[in-house]
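This document starts with one chain, in the form predicted alone, laid out as structure tokens.
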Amino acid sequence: MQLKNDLTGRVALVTAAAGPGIGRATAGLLAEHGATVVLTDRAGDRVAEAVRDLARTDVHGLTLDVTDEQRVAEVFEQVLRDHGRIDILVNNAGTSLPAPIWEISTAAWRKVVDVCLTGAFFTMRAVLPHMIARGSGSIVNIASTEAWTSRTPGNTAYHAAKAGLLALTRSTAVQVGPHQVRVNCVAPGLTPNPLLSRVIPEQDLREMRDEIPLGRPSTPEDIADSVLFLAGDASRSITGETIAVCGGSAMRP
């Protein structure tokens, strides 16, 4: 009997997956469960390093800036040429440039929204005709509990972009549901990585840790486990939903 998290024979594309965080953990976990994984990142050297680190599994790498509309189309065309199908898309790319709203430059606002929201639109638009034609597929967008809590001070553009990603997910799920394509979100809470302290003051990080009922921040592996669930057949009746992986810090009714 095939396990419901067995992804053998499926092809997954994961964006922003070369760094030491959620994307890398997700790419590795999907590959461990049998998927052929194409991980992408803006930096070619990081892509090559990530592929080497995951060499025991069927992992491939491509450079991709999700804000580059033409490059997004090229990457998806190449994956289809090389592997013949795309069954799973994980939109992990994100960035943040915190500042009070009256101090946010137009360039900073556009960069955050372009990476966190428009990039997901580009990738979904590129893959959906293929998934619709096949009559199957799973898209998992990495949002954030910040979409509804706005917990980190001055992170306005990020809050707005991640809230928009939730709405994009729901709207798309309704449109593609009749074609048996599912679209869901995972919303991480505090998930430490080496880059986090660059954008969130240490005092705020300590306060956020103290607010977690389970008593610890999430790890990239915690997030990857939820992505695996949504990518595979165990979640076959779930679409348009958001799973918060936050240790209980952002409970909702």
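All values derive from a computational prediction rather than experimental measurement. Throughout, we count residues from 1 along the sequence that is shown.
The following text describes the form predicted together with a small molecule, which does not appear among the structures shown.
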Open item on the list: Looking at 124 to 132, 76 to 84, 155 to 163, 175 to 183, which stretch has residues with any non-hydrogen atom within 4.5 Å of the small molecule in the predicted complex?
Closed with: 155 to 163
TODO: Counting non-hydrogen atoms within 4.5 angstroms of the small molecule in the predicted complex, say which of Ala35, Val38, Val66, Val227 makes the cut.
DONE: Val66
- [ ] Would you please decide whether Pro20 lies within 4.5 angstroms of the small molecule in the predicted complex, comparing each non-hydrogen atom pair?
- [x] yes
TODO: Check whether Thr57 has any heavy atom within 4.5 Å of a heavy atom of the small molecule in the predicted complex, and answer yes or no.
DONE: no
TODO: Report yes if any heavy atom of Ile142 sits within 4.5 Å of a heavy atom of the small molecule in the predicted complex; otherwise report no.
DONE: yes
Open item on the list: Test of understanding: in the predicted complex, would Ala93 fall inside 4.5 Å of the small molecule by heavy atoms?
Closed with: yes
